[in-house]
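Starting off, we have a lone chain in the form predicted alone, written out as structure tokens.
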């Protein structure tokens, strides 16, 4: 991986600062008068449309951003990522989530090993487990087939599978024994407690998903599930064999905990948690949509990988999406980013991207360990667009914060419904949702100019819309496993491109690790008998809170 100085020292960065002083002060309603704007600032690839024409930039701005990418040697960095170079420099290893999407038969040699051989072997074992469950042949210790599967994970082991399972619930294969997929991640046990109330222990299978197999959140939930099964069914040895699957990078720890070897699925230390849904961590996805559907998800992502690797930067969707973000963050000082899907199946997509982006690029030092002198990752959040319109769109339209928005929508939906009247009703609703998506982005761009007024109209100040809020529109033809794979990979590569421009490492997360260690020490304090001694070990604020917890008695 090539090193470089801070990008803020580059000639193209200075040119962009000068561009921002001019173009950055222009209102989007003035830029939108160019009839060629959509053609100049939108790109298509394999059913995906990326439209940047509502961003506060001009074609010249885009040229300067592409020059910045060239000066940052982006092409070389993309090659390093996809060829297995140690791009995770703080941990001295590659980031090979793209390898997880390789078709069978393709080779990727890293340090003398074709990593695709072990990837395909893991997929084959995963397929055997999925088909056994779908055939009704996996049975609990009472002999009843499994009807419910609970995924125990946190972070990437939870958010990715949860998001995809919800998005693709309509794609459950026919002619299988259906299983219900559930998720529990919170360390306080509230999610798991709610699930257990509804489940039959004799027909419930747990997936213990943890890269290290020692993450305290997941371990706590797994131990609770284990004791619940023992309490209800009795035989611990058989319970561990018939009611648990382990997914981890540590065979030793899975075996120590009691997971039978035939129930262990492996992935590798070069797979970051937030990039792991493509691996065996995606087992809940495969149980939801079948292995054929899971392979279609991989195929969509792989198609986007090839586009990212081979397309010129001027037509490269992840690169252009990333550069528009760089323009907003570093030159227009827009540090808030909203993800707004207009499809209820993408309910968890904003949550997924929140982890992907903020855990990857929430960094303040360069790869060389120097403090950055520019902003990096924005604050990212989101909600289903139709719901958000009745919640925080008020701030987008009339608040004081500039916010960059991504509008995401499928063009077609409900094609599979057979009854003509029911199909018409649902497609009417989808058309209304699509109209809202396009109208809201237009209003954010133009403000009051989006609505023609009579000369006699004199709106009060509180009725005015200023507009000039930038947005990107991403459209897919329809939501399928393939197109969702494309969409996820698009954002993964966007994150990498921005990290490459900022010269930060998007593949470590030291900011997460320290909090875990401090939490363990704090738990010991809550167990201490000598409250006064405990308080001496912490700062006054934390000591006060600890003493409150230790001395507060339960209400009768």
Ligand code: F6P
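Numbering follows the first chain given and starts at 1. These numbers were taken from a predicted model, which means no experiment stands behind them.
As for the form predicted together with 6-O-phosphono-beta-D-fructofuranose, it is not shown, yet the points below apply to it.
This chain appears without its partner; in the predicted complex, the one residue of 387, 333, 198, 212 with a heavy atom within 4.5 Å of 6-O-phosphono-beta-D-fructofuranose is 212. The partner is absent here, but in the predicted complex a heavy atom of 509, alone among 503, 61, 509, 55, sits within 4.5 Å of 6-O-phosphono-beta-D-fructofuranose. Contact annotation: 6-O-phosphono-beta-D-fructofuranose lies within 4.5 Å of heavy atoms from the stretch 355-363 in the predicted complex, the single such stretch among 391-399, 101-109, 355-363, 473-481.
Residue contact check for residue 516: one or more of its heavy atoms lie within 4.5 Å of 6-O-phosphono-beta-D-fructofuranose in the predicted complex. Contact annotation: residue 469 falls outside 4.5 Å of 6-O-phosphono-beta-D-fructofuranose in the predicted complex, judged by heavy atom distances. With a 4.5 Å cutoff on heavy atoms, residue 274 counts as touching 6-O-phosphono-beta-D-fructofuranose in the predicted complex.
6-O-phosphono-beta-D-fructofuranose in the predicted complex is approached by residue 157, whose closest heavy atom lies within 4.5 angstroms of it.
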